[in-house]
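Take a look at this one chain, the form predicted alone, written out in structure tokens.
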Amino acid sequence: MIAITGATGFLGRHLVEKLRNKNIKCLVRKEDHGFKNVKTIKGDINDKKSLDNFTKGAEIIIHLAAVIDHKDKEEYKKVNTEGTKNLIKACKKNKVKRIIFVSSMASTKTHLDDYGKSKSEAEKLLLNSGLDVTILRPSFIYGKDSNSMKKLLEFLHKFKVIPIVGDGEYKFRPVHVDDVVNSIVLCINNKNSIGKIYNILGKTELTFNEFIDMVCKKYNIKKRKVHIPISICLPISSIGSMITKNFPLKKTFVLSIKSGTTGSIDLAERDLKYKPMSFSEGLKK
């Protein structure tokens, strides 16, 4: 049996649909999850009792549950790091050896923001757990109805101009949700993937400026970009954080943004036969 955490999220729903004909069960926080003909276990990644029930009888855990965007940095640690620690303990108790963990390219940056730090710590916990672990590191995941794209479009519509932190020349490779789902599926029966970390990126490497231009063209948004120097963003974020802990522009984010999220997919191509689509292809889906 394949057991999936984070099944009700954007990526999780696509994965459940892909694996619908398999023997799967999902950890869900609410009764109104919308899944039909799929076994569900009501619980939470921080609820040890429900995790015990969830991991019983499982052969493979696909761990997607995560806080991606939250005002309180403690939530990243609570869910992404401590939640992973709880899951490891439940797996050991119920003799589940195999975990496929969806981390993030945010964990590879020189300066880690709160999200990246929590994912990096979760990776270390898993790699030192003694379990058969595969780690996948996707970059920005997009696709129809993705929360990330919705938030981006809301941001682009919010201002008369498009404010961009720094020069916008930092690079990354956005990845379509279908490619991330396929990479997970390709790992399930691939013993060669155990103990390895794969960058799961799109085919196209873009600067952030190019990315914004392509999204604006797709959605017919006609606004000019305004670049705000890092030297200005840093003091703004520092002062704002002193005023309120929920200030949206975090210093850790400003520092991390310069790192970009690009890398090589050679290992994924070799081991998993991973073949991602280009960003222009993905925008059409």
Ligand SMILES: NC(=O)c1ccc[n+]([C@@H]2O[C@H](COP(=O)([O-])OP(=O)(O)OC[C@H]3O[C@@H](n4cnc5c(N)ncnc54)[C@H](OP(=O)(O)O)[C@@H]3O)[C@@H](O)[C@H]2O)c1
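Model, not experiment: these values are computed from the prediction. When you see a residue number, it is the position in the sequence shown, counting from 1.
Keep in mind that the form predicted together with this ligand is missing from the display, and what follows is about it.
Partner contact region in the predicted complex: 143-151, out of 158-166, 143-151, 209-217, 121-129, criterion any non-hydrogen atom within 4.5 Å of this ligand. 68 is the sole member of 38, 233, 60, 68 with a non-hydrogen atom lying within 4.5 angstroms of this ligand in the predicted complex. The contact with this ligand in the predicted complex, taken as any heavy atom within 4.5 Å, belongs to 103 out of 193, 108, 103, 199. Within this chain, residue 276 is remote from the site of this ligand in the predicted complex, having no heavy atom within 4.5 Å. With a 4.5 Å cutoff on heavy atoms, residue 48 does not count as touching this ligand in the predicted complex; it lies far away. Under a 4.5 angstroms non-hydrogen atom cutoff, this ligand in the predicted complex lacks residue 52 among its neighbouring residues.
Contact check for residue 64: a non-hydrogen atom falls within 4.5 Å of this ligand in the predicted complex. Counting a residue when any of its non-hydrogen atoms is within 4.5 Å of this ligand in the predicted complex, the hits in 1-26 run 6, 7, 8, 9, 10, 11, 12.
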